[in-house]
Ligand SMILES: Cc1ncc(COP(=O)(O)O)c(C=O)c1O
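In the block that follows, a single chain appears as structure tokens, in the form predicted on its own.
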Amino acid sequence: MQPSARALAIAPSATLELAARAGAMKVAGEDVINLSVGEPDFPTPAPVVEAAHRALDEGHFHYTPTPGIAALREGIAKRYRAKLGLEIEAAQVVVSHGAKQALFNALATATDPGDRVGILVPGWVTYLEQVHALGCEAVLVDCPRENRFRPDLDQLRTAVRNGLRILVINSPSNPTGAAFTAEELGQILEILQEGEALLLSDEIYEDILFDRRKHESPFASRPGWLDRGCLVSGFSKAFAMTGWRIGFSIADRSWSRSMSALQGHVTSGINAVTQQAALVALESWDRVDPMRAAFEERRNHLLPRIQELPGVEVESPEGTFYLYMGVGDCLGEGGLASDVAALAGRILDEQKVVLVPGSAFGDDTSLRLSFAASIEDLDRAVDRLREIFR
């Protein structure tokens, strides 16, 4: 079969490919340290797991409403009413198979082929590929390291004036760990206000912030923006529920109806047991902080050791569980490798450490390291990286 143009436009996920390669090496008996996958290395909290067992005992085996069961939608609406200080109704919530599906639902129902979609780079690999899958034009807005990974506002203003349909933002950011302040979000929204662009805000890492930072949502700083915006989040990162596949979107009623209709013809509602477990997670938010604190401890332990590596530039992430390592000085003729993908390959082949090349995120000069691993493994990884970078 000849693949469609849409299929040919989509690149495989670099992070999942690396994880698969590392898995195969482990099966072959090699001592691989995988620091590539964006997944907490903690178990799902026990009360959430117990709720899943109860759901099975109680017979939650059947189809669920496409946008989610009523109690869960109301629970999410209640949490974000309190968090954002906005009037949010259950009808504005659509529960989906992970935040990834919520993002696709939002983009697919807000754009037509050829529309211009703004993406902040470095940015998560899936944004660009979803834009390609929908036949839209990606407009890349630089967030340079020297600007603490904040967007180039002049580039953003130009994009808006050239007819941007929607802007995707992610704070805290995968891969950089940058967390925007309310003032910085306000600057972005002021520029969007000059045109008719919508806003899609991916807030999946909202609970993993360091140094006593408070998460800022653009919809809290400018309440009226929820009328032309969509908030996406989920349970995967905060509750180590990546394999449970549960995310959600919050938008106005019209946009939410459209997303629910699309989801109804693609996957229908998500599985019943996961939704019952998520109900308990909503009442267990106090269990998130110990995991967040553990990530902060790891960051503080790891950061100075990475900063000692010759030729590596790295800033302290404000959130998430990633270090974004600048390695541009190590690339090219006379360097450690010809490009960043080759350097990631060399690190894997020679030292059995898996890092994600920044090329996956629209940046040819960096490597992403996930510290969702034990301190013992992180120390072993740094020792191995030193063998390369010295």
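Heads up: residue numbers just count along the shown sequence, starting at 1. Model, not experiment: these values are computed from the prediction.
Keep in mind the form predicted together with this ligand is missing from the figure; the text below concerns it.
The single contact residue among 263, 256, 217, 170, judged by any heavy atom lying within 4.5 Å of this ligand in the model of the complex, is 170. Of the residues given (119, 164, 76, 246), 246 alone sits with a heavy atom within 4.5 Å of this ligand in the model of the complex. With this ligand omitted here, the record of contacts in the model of the complex names 93-101 of 267-275, 80-88, 93-101, 292-300, defined by a heavy atom within 4.5 Å. Among residues of the shown chain, residue 201 is not one whose heavy atoms approach this ligand to within 4.5 Å in the model of the complex. Proximity of residue 38 to this ligand in the model of the complex falls within the 4.5 Å heavy atom cutoff. In the model of the complex, no heavy atom of residue 239 sits within 4.5 Å of this ligand. The closest non-hydrogen atom of residue 205 lies within 4.5 Å of this ligand in the model of the complex. Residues from 122-151 that approach this ligand in the model of the complex with a non-hydrogen atom closer than or equal to 4.5 Å are 124, 127, in the order they occur in the chain.
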